[in-house]
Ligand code: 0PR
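Presented below, as structure tokens, is a lone chain in the form predicted on its own.
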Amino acid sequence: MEESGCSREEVLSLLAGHRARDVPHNHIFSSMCTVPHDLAVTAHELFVSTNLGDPGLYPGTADIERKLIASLGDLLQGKNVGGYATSGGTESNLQAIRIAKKLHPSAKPNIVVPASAHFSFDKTSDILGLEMRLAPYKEGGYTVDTDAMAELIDENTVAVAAVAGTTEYGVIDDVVNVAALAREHDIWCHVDAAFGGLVIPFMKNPAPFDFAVDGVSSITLDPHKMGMSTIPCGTLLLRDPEHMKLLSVDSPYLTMKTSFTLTGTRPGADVAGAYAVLKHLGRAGFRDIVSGCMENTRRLVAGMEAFGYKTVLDPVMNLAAFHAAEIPDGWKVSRTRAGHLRFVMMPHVTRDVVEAFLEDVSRLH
């Protein structure tokens, strides 16, 4: 740290130089985050100094958080759901399993999750001292084999999980059967819909995955993904608000004397941004956004197949996977554990971006 500070202009110039080294969004196919909506940015600036870790000082911001949870709970067909705004899917998944562990005390607790489970479940198991058991894919697909999952459940299992919009292939587990297993064994059922939660409800004939499914206890949903809020904004949604009490600890020196969140200080800015986008777009607006993303996904698939690239499976949502092949320089495309090319068709991946990419692909052939 220098003795004397720099001028505002010098600092901004320095920062701009670093920002220029980042990959521009119009060349990113690998991320489940996107450019925030301009209204989210405005709302973020308005609430940038708020701290939901001490909500008694910011009652207006705290009310926005409650409205955000209520709006998303309604979208996911819940009634009077509980929950709070988290730092993202990792925290949401951790807190859901933390509740499950408290509800089902065991000397050797375990959770049973799909092979597609996000790596946050590895962190969760490590932090909470749980054994994580991986249920394999169904033969010939990338959704969980619920029969195999049933075989992994025993008297020490505290929770089962399903994924609605898997990170690698964008498919939806059989949540109905996973939830049925939870009911049968009287354990927690968590659905990780960090990505799919703001996609699936706006698709035609969507697969059941939310609180309309009997037995689903909690859902992870990240507005900083398809919700186009500022980063980081995740949410944990609970069917029964009373389960929030299981996360409670004393916070005697704050305006609220108990705290149930994982982190202490929590920004209100991203929460305001997320709620602003929900209010502005409504269901119709999100339906249009998802429709556009799906249309661009189909265009990408058609274009890639014309050049001989082979899809791993027909896209279920706005994520396409192809068998390994060459990709033009300058484009950020990720690979799955199996080595498949993975394209996430977020709102920043416009038709122009798709066409520019396909034009570069054409030069390889």
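All residue numbers are counted from 1 along the displayed sequence. What you see is a predicted model, and the numbers here were worked out from it, not measured in a lab.
As for the form predicted together with the named molecule, it is not shown, yet the points below apply to it.
Enquirer: Looking at Thr336, Thr50, Thr311, Ser30, which has any heavy atom no more than 4.5 Å from the named molecule in the model of the complex?
Expert: For this set of options, the contacting one is Ser30.
Enquirer: Going by heavy atom distances of 4.5 angstroms or less, which of Ala85, Ala96, Val216, Ala194 would be at the interface with the named molecule in the model of the complex?
Expert: Contact residue from the list: Ala194.
Enquirer: Which of 275-283, 102-110, 163-171, 253-261 has heavy atoms within 4.5 Å of the named molecule in the model of the complex?
Expert: Of the options, only 163-171 has residues within 4.5 Å of the partner.
Enquirer: Any chance Arg239 has a heavy atom within 4.5 Å of the named molecule in the model of the complex?
Expert: Close contact is absent here: in the model of the complex, Arg239 is far from the named molecule, nothing within 4.5 Å, heavy atoms only.
Enquirer: Evaluate His118 for contact with the named molecule in the model of the complex, applying a 4.5 angstroms cut-off between non-hydrogen atoms, and reply yes or no.
Expert: Within the cut-off, so yes.
Enquirer: State yes or no: in the model of the complex, is some non-hydrogen atom of Arg266 no more than 4.5 angstroms from a non-hydrogen atom of the named molecule?
Expert: Output for Arg266 is no: heavy atoms all beyond 4.5 Å of the named molecule.
Enquirer: Going by a heavy atom distance of 4.5 Å, is Gly89 a contact of the named molecule in the model of the complex?
Expert: Contact check for Gly89: yes, within 4.5 Å of the named molecule in the model of the complex.
Enquirer: Quick one: name the residues from 224-261 with any non-hydrogen atom within 4.5 angstroms of the named molecule in the model of the complex.
Expert: Counting only heavy atoms within 4.5 Å of the named molecule in the model of the complex, the contacting residues of 224-261 are His224, Lys225.
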